[in-house]
Ligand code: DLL
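Next up: just one chain, as structure tokens, the form predicted alone.
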Amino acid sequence: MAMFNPETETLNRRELLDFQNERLGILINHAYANVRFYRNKFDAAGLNPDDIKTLEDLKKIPFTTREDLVSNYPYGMFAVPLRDVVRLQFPLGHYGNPIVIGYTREDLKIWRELVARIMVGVGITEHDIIQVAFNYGLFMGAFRFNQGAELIGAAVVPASVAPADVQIRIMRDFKSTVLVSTPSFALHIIETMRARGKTKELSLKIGLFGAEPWPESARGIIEEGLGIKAYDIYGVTELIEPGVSGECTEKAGLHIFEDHFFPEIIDPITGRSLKEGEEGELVLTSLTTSAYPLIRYRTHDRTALCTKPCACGRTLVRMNRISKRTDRMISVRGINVFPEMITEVLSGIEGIGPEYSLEIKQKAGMNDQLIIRVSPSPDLAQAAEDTATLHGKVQSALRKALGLRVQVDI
């Protein structure tokens, strides 16, 4: 099986553990010395960096949460001076203060290699033409696909969020062999192709899909509809997205790149560590991130781990595909939506009541459309013109805040 970095991807577990422990010591000292948040967290727990000698000692350290990142906006979590930061990321969809994530030049170099590993692991070579149909404005990972492809010598078509009919024309005319997008957009492309009777004229053979959960049933529809092999990729916005893990051609779980991330599985309620094979919440520690180190970060994604060697030859731990969350966040067409954000937006609009309800429409087992129902205040209930104006105001405010078109019912 092809690998981008076979020496690292096939390390035996003992060698990998020694490698991780070495990098852990560097990470802990770096975070303690340069991030006040972690220094205060260690001091409050009665810990100093010398107390964390191995990965087993990580359990002594309290978790890091999204709320911690929000409360340290904008640069409180940075471990390097701003002059060393070459990329800033501003994820949409967070409530309260936003989150700003920084990357050094070395951080981006690592991220680029991890995306290349995923590509090579599913059979992408220098002979492929990769069509990237992610939003280049909202999803920083889209640029990493470009740069990962450069490492392996493949050509890239940055199709971004062009309509489905334009995507199809690009695939046909450019003879694209790889599609990279959300799975929901791939389904939309298939529907458009079928409506136009154009299902047998493409050169596609591989698909990389992520940014939202998608079931095996959706994989089957995509593979049949596009005539490809479809693979899952995983990332965390607060770390790197994508690049934490990816499937190989065996489709037997997603390989986590343990030379850069240490994974744990915990009980989401008690925080207790779970054994291999038990499903719980994924917690990640970034072992090599310079600008924005995260220690025991709670992802709220539910999965389980397996350390048995994969038939592809890799020895890296594998995680099950993500299908559930431990918090109230939902993903709609690749956009993360927090109910708290909706509450915040609606509370600032006059003319509607304090309560609202959400409904999710699904297509092939994935969240396809978000419907938000609100009630007008009594003085507007009988005025159709005012209700129409209110409808436009609510819809516009939600789209601006969420980066997503939603259906509003009043």
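Just so it is clear, the structure is predicted and the values come from calculations on it, not from any experiment. All residue numbers are counted from 1 along the displayed sequence.
Beyond the structure shown, there is the form predicted in complex with this ligand, which is absent from this document and is the topic of what follows.
For the candidate spot formed by F134, P213 and E238, every residue has a non-hydrogen atom within 4.5 angstroms of this ligand in the predicted complex. Contact annotation: this ligand lies within 4.5 Å of heavy atoms from the stretch 226 to 234 in the predicted complex, the single such stretch among 155 to 163, 226 to 234, 307 to 315, 269 to 277. Although the partner is absent here, N336 sits close enough that one of its heavy atoms falls within 4.5 Å of this ligand in the predicted complex.
Contact between F145 and this ligand in the predicted complex is found at the 4.5 Å heavy atom cutoff. Residue contact check for F262: none of its heavy atoms lie within 4.5 Å of this ligand in the predicted complex. Contact check for D301: a heavy atom falls within 4.5 Å of this ligand in the predicted complex. Screening V100, I322, V85, A79 for any heavy atom within 4.5 Å of this ligand in the predicted complex leaves a single hit, I322.
Among the residues M329, I168, I256, L204, the one placing a heavy atom within 4.5 Å of this ligand in the predicted complex is M329.
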